[in-house]
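Presented as structure tokens, the chain that follows is alone, the form predicted on its own.
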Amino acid sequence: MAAVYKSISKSSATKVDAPSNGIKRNKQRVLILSSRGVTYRHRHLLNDIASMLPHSRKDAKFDSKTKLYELNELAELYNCNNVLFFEARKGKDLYVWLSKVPNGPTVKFHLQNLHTMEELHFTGNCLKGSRPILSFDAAFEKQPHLRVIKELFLHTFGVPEGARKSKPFIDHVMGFSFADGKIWVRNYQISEVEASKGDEEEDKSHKSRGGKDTDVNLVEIGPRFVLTPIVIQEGSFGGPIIYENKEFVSPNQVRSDIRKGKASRHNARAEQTVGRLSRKSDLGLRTKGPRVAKSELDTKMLFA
């Protein structure tokens, strides 16, 4: 895993050019695209992320779900060295592939708890094309596979200075937290509000230190979602698996278990009904059956 971490750093270093004026530019570009079968919520999430990343390039939907290695050629065609691919399954499940082209590694996530900007109606807002501050939980430095994921997040969501269509402002924060084996992603606006006049002595001491009477707050913008790491491959959309999440259960398996549970309860009720009827017949008790019309020559009808 450490070798993979070093390979990512080397691949990013190759994209830093030193022009004649001596200013180095980090040429990180991200290709964002999805597969066939995405829902409108998945499409809105893709548009939200693309609007937050001015160094990204959107492309049409990718037809194949098996030949993902062809995305490397597509990324080279658009001069991109990062790929963010949304793979939809059965119109319900969404998987996210994050790859470093062309040498890898590649991380596959399962995306859950999706809420787009259009759904949330948060009051926060940020300038389109501004650069974000990436905030990571301390847990990303404790495990090797989380360090690899953190480096990929830095290359994908970190807008380099002087990037294409980027603005020279930093007015929002992207937070990545790790809890319960999942990565929780949030986006906040950096809001500066004038300080209240509650404590005049603190204001005077603050002014004496050269500060301004402003309070910095974070206001959520959206979108918000949760990523569950599944596997990490050494290459770009291929190669040996260097990490696998043994605790991950696919949503197909969850739905199958729910259906089997309902079927087992139905079978148990059917078996109880058959057993009850058989016991009644053994005891000579009358069991409920289809009603038969009484005849006029029946004994009970004649001698009533």
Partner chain sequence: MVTKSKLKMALVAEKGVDFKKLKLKRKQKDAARHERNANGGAPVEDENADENEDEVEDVEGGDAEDDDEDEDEDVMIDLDALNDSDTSESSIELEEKIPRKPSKKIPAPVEEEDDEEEEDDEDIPMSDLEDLDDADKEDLIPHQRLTINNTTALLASLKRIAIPTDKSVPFISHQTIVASEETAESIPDVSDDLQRELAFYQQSLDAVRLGRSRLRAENVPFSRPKDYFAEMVKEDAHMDKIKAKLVEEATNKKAAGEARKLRDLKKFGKQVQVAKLQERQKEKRETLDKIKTLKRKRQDGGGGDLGTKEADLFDVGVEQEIGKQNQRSGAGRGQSAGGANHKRTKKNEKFGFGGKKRHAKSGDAKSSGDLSGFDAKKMKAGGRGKVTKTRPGKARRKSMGTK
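Computed from a prediction, not measured in an experiment: that's the story for all the values here. Take the two forms, superpose them, and find the largest set of C-alpha atoms that agree within 1.5 Å; that set is the rigid core. Residue numbers count along the first chain shown, from 1.
The same protein also has a form predicted together with its partner chain, omitted here; what follows describes it.
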{"query": "Its partner chain: the contacting residue among Met117, Ala163, Leu71, Leu84 in the model of the complex [heavy atom, 4.5 Å]", "finding": "Met117"}
{"query": "Partner proximity in the model of the complex: Pro168 to its partner chain, non-hydrogen atom cutoff 4.5 Å", "finding": "yes"}
{"query": "Heavy atom of His110 within 4.5 Å of its partner chain in the model of the complex", "finding": "no"}
{"query": "Partner proximity in the model of the complex: Tyr95 to its partner chain, non-hydrogen atom cutoff 4.5 Å", "finding": "no"}
{"query": "4.5 Å heavy atom contact, Ile241 and its partner chain in the model of the complex", "finding": "yes"}
{"query": "Heavy atom contacts to its partner chain in the model of the complex at 4.5 Å, residues of 100-130 in sequence order", "finding": "Lys100, Pro102, Asn103, Gly104, Pro105, Met117, Glu118, His121, Phe122, Thr123, Gly124, Asn125, Cys126, Leu127, Lys128"}
{"query": "After fitting the core, Ala268 CA displacement of 2 Å or more between the shown form and the other one", "finding": "yes"}
